[in-house]
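Presented below, as structure tokens, is a lone chain in the form predicted on its own.
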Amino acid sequence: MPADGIPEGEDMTVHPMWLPDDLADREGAGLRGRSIAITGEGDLFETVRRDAAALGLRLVDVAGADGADVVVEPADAADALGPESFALTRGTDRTVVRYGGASGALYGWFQLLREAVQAQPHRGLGTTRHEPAHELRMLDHWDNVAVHPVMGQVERGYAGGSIFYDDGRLRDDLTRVERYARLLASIGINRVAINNVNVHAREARLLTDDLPGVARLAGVFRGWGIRTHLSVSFAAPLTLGGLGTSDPLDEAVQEWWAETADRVYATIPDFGGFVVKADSEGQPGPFAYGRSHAEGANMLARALAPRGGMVHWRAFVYNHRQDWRDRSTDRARAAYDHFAPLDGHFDDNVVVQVKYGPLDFQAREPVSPVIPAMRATRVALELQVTQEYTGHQLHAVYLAPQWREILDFRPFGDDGPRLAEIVRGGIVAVSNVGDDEFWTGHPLAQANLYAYGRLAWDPSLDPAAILDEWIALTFGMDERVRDGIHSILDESWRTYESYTAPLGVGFMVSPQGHYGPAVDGYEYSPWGTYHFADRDGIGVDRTVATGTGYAGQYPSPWRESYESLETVPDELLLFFHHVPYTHRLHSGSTVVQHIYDTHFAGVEAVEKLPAVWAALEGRMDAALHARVSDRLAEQRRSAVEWRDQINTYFWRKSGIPDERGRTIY
């Protein structure tokens, strides 16, 4: 980045997200023209100096630090700060950032910006320590180098094409990637995987022929404290190496991976490691050779271990060719059945990456039992920032409240640790950006990316407070804008849940694109996600007593809670039980009346949003305002379609009318 802070070739029509160029000029920030002294040598310290200068701060020599308004300096040994940690001291005349390492200096700089822009007089003076709860805070990009005929440029991407690749190759101009890396560093992301977990033939060559391009991307991310990872195909020794096998116990296969790893590290010395989707949804894996996931993962891990690399081995493994007639087969059981018996069998540099729920990023699922079951394994929690099952970034759905519920879940009961405390492998999420001018398609979806980074750093943060930060950084301190966005986003996840699939049943979406209602879309498919609605009732019996036994995969007290109709939470009732439409929830409503009521209420909530947003016209960028207006109109149309299809379906199935006499078709 040049000294003026504007990347060469940057398309200035790209929205700056939460780091606008006038950040230091914002009312209350008072940063432009102030002096800053930064002690430290190396690339990340130079990054901080350039960023401070670009925002209008005056760099002064360390020798003159005594008179500087802002000081960035190493912490004393007694402070015991880790390499990414920092302490921020606010005085009447000066602010001091003391860091444990170069990354701590970078993160301390961005924390200073956050607080300055919010201008919180009640915050007071004194010192606060800031330490990441998780060592690894990662984003997985599902980008394809070439446009895939089915998956497109970005699989499950709802914001245009890839910011990395174009026309079958790495982009020549990576200035937008530079801006993106800065945005990620500002929220504490420290690792990025740059290609799709479904590794097609073209993308497999990133590991070999296209490695120089990967090195270019790694160089951009490195300047912001972010290590680069690659998704790789387990069959690469066959498809790229010319071997006759990819058996993990074959010595030639092991040697091929070791040589490949050496070549990668010779080109990218700080390479992070491999992400692997194996034996899942058609991707090759060790099962072809009668080997276990642990044997496959450990083989790759040993190739990377001498250079400090790691393997992220995804636990999203299940039979996607099921017979819908067989009620004993349960996709929800699969990850636990495959991985829990292997606990303690994985090498230390293997991270088993587990989706937050047992199915697939639904708006409501129970927390996966795999995570508490694998206490002797490094497990990472996987979230999805891109809104595959929550409205495709066409609907305004703020996901931080959902994530906070997941992170706060206590698998062993009220006296046990929170989920955030037992995921030793860190937190990973599927990214939601593309080459759209607003990065995320829906400008309000930027809040999800921001919130993910902040919660990965500190899982105890309040989603509403995170939203305050994002609004202040993105739009300034206009109270009407803040209140308007809060009224749209605060309850948006629960609103979306209310007008889509009810009571934890999930997957009532179009199989082709996962957008819009198709109540029976998956009901007779081989993918294994069914609701079993008939004339008498609905839901999947996952109890130990009479069902698939999935409830028994949980430790106590959840095993017993989910097993019983008396104690299962209403919002997960149909995930665990098949019940009559007349079954009464803890709320007092019957199941079918709850379905009617929530779907009408959800649409009523969405119908209020356009007027709330319209009242903010003229208080922000006109193009951004117009884009959100268009998305809210689509959300209203889609919510009405969801309401009418779901309510009509269950009226026709049950024959039970809405007790309030509303129109159902």
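Nothing here was measured: the structure is a model prediction, and the numbers come from that model. In this text, residue numbers run from 1 along the sequence as written.
The same protein also exists as the form predicted together with a small molecule; that form is not shown, yet it is the one meant from here on.
*Asks:* Is there a heavy atom of residue 562 lying 4.5 Å or less from a heavy atom of the small molecule in the predicted complex?
*Replies:* Residue 562: no, not in contact with the small molecule in the predicted complex.
*Asks:* With a cut-off of 4.5 Å between heavy atoms, is residue 197 one of the residues that contacts the small molecule in the predicted complex?
*Replies:* Because a heavy atom of residue 197 falls inside 4.5 Å of the small molecule in the predicted complex, the answer is yes.
*Asks:* Is there a heavy atom of residue 356 no more than 4.5 Å from a heavy atom of the small molecule in the predicted complex?
*Replies:* So residue 356 does not count as contacting the small molecule.
*Asks:* Taking the small molecule as it sits in the predicted complex, is residue 581 in contact with it (heavy atom to heavy atom, 4.5 Å or less)?
*Replies:* Contact check for residue 581: no, nothing within 4.5 Å of the small molecule in the predicted complex.
*Asks:* Heavy atoms within 4.5 Å of the small molecule in the predicted complex: which of the stretches 211-219, 273-281, 225-233, 566-574 has them?
*Replies:* Result for this chain: 273-281.
*Asks:* Which listed residue (203, 388, 84, 143) meets the criterion of a heavy atom within 4.5 Å of the small molecule in the predicted complex?
*Replies:* Partner contact (heavy atom, 4.5 Å) among the options: 388.
*Asks:* Identify which of 497, 155, 365, 295 has a heavy atom within 4.5 Å of the small molecule in the predicted complex; exactly one of them does.
*Replies:* The option sitting close enough to the partner is 155.
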